[in-house]
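The chain below stands alone and is given as structure tokens, in the form predicted alone.
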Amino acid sequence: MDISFALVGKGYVIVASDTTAARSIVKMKVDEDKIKVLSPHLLMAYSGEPGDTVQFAEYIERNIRLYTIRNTHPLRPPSAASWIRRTLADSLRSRRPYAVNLLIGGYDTSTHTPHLYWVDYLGTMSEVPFGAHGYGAYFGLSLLDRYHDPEAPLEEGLATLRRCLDEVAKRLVVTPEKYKVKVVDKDGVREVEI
């Protein structure tokens, strides 16, 4: 049961994901980081089948790092998102498809713009102003639709995210205890408390 949210503001992308690792009715871990930092200005929140998510995230991380080493510059967020989507779509047509849903957030240092991409397990990708995966999406998307402001400063974006997390805590039967929140902007990726 994974819950992840992301939203774009003025010069930043906020990505949040729960830290619970569970299988069926058993909670195995409460400090799992489900947000992978792919490069200094790119991160990816993943959810889905436990084995698939970790293997796919590590595969993507290593290949983006390899690209940076070979070409001496990192992939820009639109290019990285397209390559990740293609990799997921190719795996779908193989004998070992990945059951992974992604929120890819990044800051393009050449154009000074933030980007957020919503990708599902079928390889469907869309650039969005906000996104969510998991059971939290049932409650959070309507709040994001109403309160999200693409020109909001970081504090206001965090307040909108807090509103979504509070709604999930209030309405969802099995509520995650903690969330990990990361922000990517012109200064790179950093973790924030909420």
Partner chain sequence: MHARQSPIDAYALGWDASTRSVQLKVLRALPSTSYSIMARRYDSRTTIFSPEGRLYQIEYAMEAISHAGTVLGVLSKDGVVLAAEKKVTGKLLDMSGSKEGGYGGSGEKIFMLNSNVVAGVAGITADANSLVNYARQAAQRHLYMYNEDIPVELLAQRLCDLKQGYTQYGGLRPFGVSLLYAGYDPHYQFQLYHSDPSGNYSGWKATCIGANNGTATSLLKQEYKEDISVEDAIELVLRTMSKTMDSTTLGSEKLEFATLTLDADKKPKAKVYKPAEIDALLQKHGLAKKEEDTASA
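These figures come from a predicted structure and were not determined experimentally. Positions refer to the first chain, counted from 1.
Quick note: we don't show the form predicted in complex with its partner chain, though the next part is all about it.
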- prompt: Looking at 136-144, 66-74, 154-162, 44-52, which one sits within 4.5 Å of its partner chain in the predicted complex if you count heavy atoms only?
  reply: 66-74
task: Verify the contact flag for S94: yes if a non-hydrogen atom of it lies within 4.5 Å of a non-hydrogen atom of its partner chain in the predicted complex, no if not.
output: no
- prompt: Any of the heavy atoms of T113 lying within 4.5 Å of its partner chain in the predicted complex?
  reply: no
